[in-house]
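We begin with a single chain expressed as structure tokens, specifically the form predicted alone.
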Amino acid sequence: MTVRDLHTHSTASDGSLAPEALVDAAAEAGVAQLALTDHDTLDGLDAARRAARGRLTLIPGVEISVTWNKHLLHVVGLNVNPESASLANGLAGLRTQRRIRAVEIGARLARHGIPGAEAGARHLAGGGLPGRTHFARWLVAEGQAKHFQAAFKRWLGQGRPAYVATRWAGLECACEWITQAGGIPVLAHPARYRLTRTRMAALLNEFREAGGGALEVVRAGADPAEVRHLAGLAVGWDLAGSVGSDFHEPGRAWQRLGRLAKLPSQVRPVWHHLGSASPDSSNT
């Protein structure tokens, strides 16, 4: 059976492995079909594609930050054309927002007696754009938080002193950029948004109307009840199903590459719609 992981991150955004190292780790884990889906950037795809040759099938992807009814959502684009002007222009605008946010996070931490955070986060980003993950790692390294989760709980999470509300892409824009790039929009980790049944229905309706094509039904660490629930939503809204670990770094036991439950048989697999990028039609 083909092992797939269609949601992963590298140092091009907030992962800890370079794109080449991510491909190495995926190949060692037995992954045969890997999507690199960094946040609001395509910068890691060329290196990942070179590393993947003859070893696994690489799906070019991206994870777009979206603001929907004051909620931060993520829409993964699978099998996008990295040369798409419309996608490139849209992502460039989001990266500008990320730069502005990083400066403000650093300023807010400085006002609370923690100077140097922006520079530290930029160093950890290795030339990429620093995100909250980099700030969290820096805060832990500086002894300002005991661990990664504590950095968010004390400083970076919503409502905390260094949280910066940001207006990201609209849902319709994100789906349009992806579809114009020849890709399939996938609503990432929907259970994490903690929406009521009514709000989830509204979101899925808007997502479908905007051109959304799939729901991430299986994520790393999800319990069987969550998978069953999301499978029902995918079928009910006629969406394909995707699987992804949301891998960021080794050592997170709940986010291991390719270690994912099987997509429920009643759900139409998204890889059936990826054309020549899909090596076969098995469900895992």
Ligand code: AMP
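No experiment lies behind these values; they were computed from the predicted model shown. Heads up: residue numbers just count along the shown sequence, starting at 1.
Just so it is clear, the following notes concern the form predicted in complex with this ligand, a form of the same protein that is not shown.
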If we take heavy atoms and a 4.5 Å cut-off, which stretch out of 198 to 206, 175 to 183, 115 to 123, 149 to 157 is in contact with this ligand in the predicted complex? 149 to 157
Contact check for D5, R55 and R259 against this ligand in the predicted complex, heavy atom at 4.5 Å: no
State the residue from G128, G131, G213, G90 whose non-hydrogen atoms include one within 4.5 Å of this ligand in the predicted complex. G131
Is R49 part of the interface with this ligand in the predicted complex - any heavy atom within 4.5 Å? no
Since only the chain is shown here, I'm wondering whether R219 would be in contact with this ligand in the predicted complex (any heavy atom pair within 4.5 Å). no
Looking at the partner-bound form in the predicted complex, is R108 within 4.5 Å of this ligand by any heavy atom? no
Any chance R95 has a heavy atom within 4.5 Å of this ligand in the predicted complex? no
Residue by residue through 222 to 254, tell me which have a non-hydrogen atom within 4.5 angstroms of this ligand in the predicted complex. H248
